[in-house]
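First comes one chain, alone, set out as structure tokens in the form predicted alone.
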């Protein structure tokens, strides 16, 4: 299983590809506000992450995901459960 820091690195990579505003991404980066993602870009990001980690992200977790750290923790939990 991937470690938290490895999950973060993968999220950083995927986020850089999709983000409209090219900026440095860290754990506290807000996916919508800081990266300028609209709803379509968020769905594109989730699809890319699902492919990268070979997981399925349930839409009901989205209200709990605001930052890169939130997303990484959810991915880590989903990987443990699968």
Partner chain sequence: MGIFDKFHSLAADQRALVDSGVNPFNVVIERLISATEAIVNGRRTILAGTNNYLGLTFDPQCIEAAKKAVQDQGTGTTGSRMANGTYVGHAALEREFADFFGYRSAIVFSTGYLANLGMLSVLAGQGDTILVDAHCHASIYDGCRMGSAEIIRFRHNNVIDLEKRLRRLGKKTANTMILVEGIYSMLGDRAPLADIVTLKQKYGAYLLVDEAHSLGVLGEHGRGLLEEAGVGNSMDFIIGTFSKSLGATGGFCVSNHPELDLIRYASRPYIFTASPAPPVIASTRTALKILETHPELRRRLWRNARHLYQGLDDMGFSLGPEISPIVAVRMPSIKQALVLWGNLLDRGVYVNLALPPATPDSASLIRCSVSAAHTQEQIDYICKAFSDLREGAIALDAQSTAVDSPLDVTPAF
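These numbers come from a predicted model, not from an experiment. Positions refer to the first chain, counted from 1.
There is another form of this protein, the form predicted in complex with the partner chain, and it is not shown here; the text below is about that form.
In the predicted complex, residue 26 touching the partner chain (heavy atom, 4.5 Å): Answer no; every heavy atom of residue 26 is more than 4.5 Å from the partner chain in the predicted complex.
Contact label in the predicted complex: residue 9 to the partner chain, heavy atom within 4.5 Å: Close contact is absent here: in the predicted complex, residue 9 is far from the partner chain, nothing within 4.5 Å, heavy atoms only.
With a 4.5 Å heavy atom cut-off, would you call residue 54 a contact of the partner chain in the predicted complex? Residue-level check for residue 54: yes, a contact with the partner chain.
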